[in-house]
Structures are given as C-alpha cells and as structure tokens.
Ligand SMILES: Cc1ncc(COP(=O)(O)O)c(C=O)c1O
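Coming up is one lone chain in structure tokens, specifically the form predicted on its own.
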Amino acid sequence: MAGTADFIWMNGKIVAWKDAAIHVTAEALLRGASVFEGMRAYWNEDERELYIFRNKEHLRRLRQSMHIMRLAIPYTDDDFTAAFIELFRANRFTEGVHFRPVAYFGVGEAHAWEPKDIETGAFVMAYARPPAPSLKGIRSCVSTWRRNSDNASPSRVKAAANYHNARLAQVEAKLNGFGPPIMLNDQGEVSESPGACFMMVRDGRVITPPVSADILEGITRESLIDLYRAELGVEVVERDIDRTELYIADEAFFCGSGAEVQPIVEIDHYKVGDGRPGPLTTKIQNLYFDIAKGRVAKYRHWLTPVYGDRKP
C-alpha cells in the first residue's frame, strides 16, 4: 500500500500518520507475526456516501486468522467498525478507499502468545485509491514459485509472513515483463495470484480453484460466485485447474479487494480468448462495481455506510 493519509487508527486512538509506530523489536516486525485484512470502501457521488464493502465478512475472516495464530486483542468487531468510520471521517475521504485493519504481536518473548508474555495491538491504515488502469486487462504468467502449503504456512491465514512468498512471485513476474502471476500449489494445480483469487471461463462455465487448493478464502471470490449464480444465471464450478487449461481458457480474471475484478488477456504469451476482456468478465465487473457503490438496492445489506446523516 503506497498511499498515505492524514491519520491512522492505532490501539483505540486516531493518530497522525507520521506518529503511528511500533517498536523495532516487535514480533510483527522481526517475524511477520501479524494478520490483516485488505478491504475497500466505495464512494457514491450521487448520495455523497462512502460504503464499506462486506465489512462483517472481512472481520469474520480476520478473527479466523487471529484464532489460528492464537492472537488475542481487546477489540470487538463493533470496535473495529467504529474505528473504520471514525478514521474515514477524520481523513474526510470522498473517493474510493483501500484500507487494512491489522492485529499484531508486539514486544515480548519470541513466539509467545499468552498476554503475560507478549504485547498485542491493532491498527487501521487507509488511503484513497481509485480503480487501477489494469482493470482493462493484464498480461500474466505462471510463476516458478509455488504457493504456500496449508501444512507449512497456510494461505487461509492472511498473515504478513505469508506475503514473503507472494513477494518472490510478484517480483519475478515484474522482472519478466508481466503483471501479477498465477501461482501453482505443491500438487501443481492452479492456486491463486500473490494477492487475489483466480477465475476462468470455459464453454460458458466459470471455473475457480476450491478453498482446499491453498488459497485465501476470498470475500470477493465468494461474492462473485453468488452473483454469477443468482444474478447472471451462470454455472460456477469449484475444482482443481491444470496449468495447460489456462492456455485454452475463453476468459480469465483475478478478483479480490485490491484487484477488484481484473481481466487477464494473456498468460505465458498465450492470448486468453481474443486477447480482450470477455463478456462474462465484463458483466461481473460492472455488476460488482454497481453493487459496491450502492446502486443495487437488493445488495445494500453487503454495505456499511460511513457518513450517514453527517455528509462530508
């Protein structure tokens, strides 16, 4: 996250961006001992409102990551939600926002988890982030780096330490002239990208790796599966995907809070379809943005308003 803002929420307080700090001996820094969520809030100009997308589901996944890490902090989901709203209002955001709530182990005994042995804390960083130009299509590749195994460093846990694996793959792809790569798991099947889930279209069906394929259990992924089935009447199949299937896919895209719906137009120098975003990708991309911005009444329950009666 390269952006900045005026304020960060840290351990119950709004603090200046430049003053938000933890000690250099914190386990979060030394060993990557933290978990986080990547989340989005979308601006609706007509309503002068900012909507957090699927807040409850993201906080549930954060709790699951904390549970597996045996990380306890004194903040409830309601506390976090109030923190998001307070932070966005303090920063006076009137455009799309990308934000990250983080729970971490601080200073204490190495590899400890009990409160008597180690400090814990939480912070929320947020900054304005418009949709990326890559939403028009990217060139991807299959990484030589394999995705973390669930029995080694589970991708199901959205932990900072896991993103060393992601960094290796991302840097390699950039050096080779590609955008975000596709990673295979230890079984040689398609897993996900360094920071987003993968979907493809073959013969009118959407196909995506199962949650047992060493992927993060994506909130956007889950949302798109529901929308394809309920709103577009498209069959979605969750199954293993072989590498060579990528080269004969009709359409392909990444999805996630950061990636949103990111069409893939080429993989390993093979064109995907006709080399342009396909119709089922474009339809779900448009529907996703309409819902996230509060334009579809049926899905308002997925959204949490930030300003309410206190319009900016």
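Predicted, not measured: the structure shown is a model, and the values here were computed from it. Just count from 1 along the sequence shown to find any residue number.
Note that the form predicted in complex with this ligand isn't included here; everything after this is about it.
Student: Would all three of 96, 293 and 305 be in contact with this ligand in the predicted bound form, where contact means some heavy atom lies within 4.5 Å?
Tutor: No: no residue has a heavy atom within 4.5 Å of the partner.
Student: Counting only non-hydrogen atoms, choose the one of 202-210, 75-83, 123-131, 158-166 that falls within 4.5 Å of this ligand in the predicted bound form.
Tutor: Correct option: 158-166.
Student: Of the residues 197, 87, 184, 225, which one places a heavy atom within 4.5 Å of this ligand in the predicted bound form?
Tutor: Contact with this ligand in the predicted bound form is made by 197 alone.
Student: Identify which of 190, 219, 173, 138 has a heavy atom within 4.5 Å of this ligand in the predicted bound form; exactly one of them does.
Tutor: Contact residue from the list: 219.
Student: Taking this ligand as it sits in the predicted bound form, is residue 256 in contact with it (heavy atom to heavy atom, 4.5 Å or less)?
Tutor: It does: once this ligand is placed as it appears in the predicted bound form, residue 256 has a heavy atom within 4.5 Å of it.
Student: Is residue 61 near this ligand? Define near as a heavy atom within 4.5 Å, in the predicted bound form.
Tutor: Contact with this ligand, yes.
Student: Taking this ligand in the predicted bound form, which residues along 264-303 bring a heavy atom to within 4.5 Å of it?
Tutor: Residues within 4.5 Å: none.
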